[in-house]
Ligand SMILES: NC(=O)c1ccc[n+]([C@@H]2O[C@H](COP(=O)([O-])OP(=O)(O)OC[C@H]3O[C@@H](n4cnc5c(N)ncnc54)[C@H](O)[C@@H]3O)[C@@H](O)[C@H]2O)c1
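One chain follows as structure tokens, the form predicted alone.
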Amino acid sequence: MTSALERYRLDGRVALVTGGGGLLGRHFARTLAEAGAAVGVLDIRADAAARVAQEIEAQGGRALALVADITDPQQAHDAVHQLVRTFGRLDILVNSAALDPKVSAEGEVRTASAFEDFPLETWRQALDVNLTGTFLITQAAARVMREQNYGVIINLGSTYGLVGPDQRIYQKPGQPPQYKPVYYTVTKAAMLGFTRYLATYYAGTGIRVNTLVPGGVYNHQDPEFVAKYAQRTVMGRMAQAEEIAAALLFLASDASSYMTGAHLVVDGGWTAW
């Protein structure tokens, strides 16, 4: 009988993390590698993917840097093919790549346009990356998993896919209004539907699909914003990236073997109020 701790091990398995050079993506890749998986670190930025892969290898893990624009069907297919050619299989897909406007250390929000003036080009770009890109890389990965009769797909959601943004926390006295943009809530809510569709579509195939729903992660944002965010959570603080990565390991491993079509919320109580 496998012990509870052993169920978290990923020895012999191969994972692919999209957006692997980002704040959460790099922590996801490192955590999966620490649990024993070989990891494909996929990012549109070659330097970011290479840096994370090198960090994993320096710690004795196995990693492969992959560069691709996942909105391009051929590039998505080629990235998966390269990973399988290198490590022989693909067991875990983490769909972490997404456009996500961040709050800077100066308190500014990228793409801060009001809804009425939101640029159509930006809307289309976000849908292309956050939804179509996830769709394409999942298609490519699922073909491999179907042949193996095994696979784990983890889609990254957000608390803002469950509830609307509290736009008050983005405002600063004496400055023009700033907003978390409409595309973020819309695309993250769509991840829940994508997960449920795939979970039921792959019923009986050995493929499990779940959504990880994190709250805000601390990344040296403007102190005023951090304080406002903390006041909105039950736990009184933002998350650390390692806390979200630990939840991802649960979903990626056999510790969650009786879960599919579900969403795991790790938000410090933001949605509990």
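Counting begins at 1, following the sequence as shown. Because the structure is predicted, anything quoted here is derived from the model rather than measured.
Keep in mind that the form predicted in complex with the named molecule is not shown, yet the notes after this line are about it.
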Is every one of 80, 152 and 261 within 4.5 Å of the named molecule in the predicted complex, counting heavy atoms? no
According to a 4.5 angstroms non-hydrogen atom cut-off, is residue 71 in contact with the named molecule in the predicted complex? yes
Query raised in the report: Quick one: does residue 138 come within 4.5 Å of the named molecule in the predicted complex, counting heavy atoms only?
Result: no
Contact between residue 184 and the named molecule in the predicted complex at 4.5 Å, heavy atoms? yes
Report whether the minimum heavy atom distance between residue 14 and the named molecule in the predicted complex is within 4.5 Å.
no
In the predicted complex, the residue from 217, 35, 247, 226 with a non-hydrogen atom within 4.5 Å of the named molecule is 217
Contact check, 10 to 25 vs the named molecule in the predicted complex, heavy atom within 4.5 Å, ordered by sequence, gives 19, 21, 22, 23, 24, 25
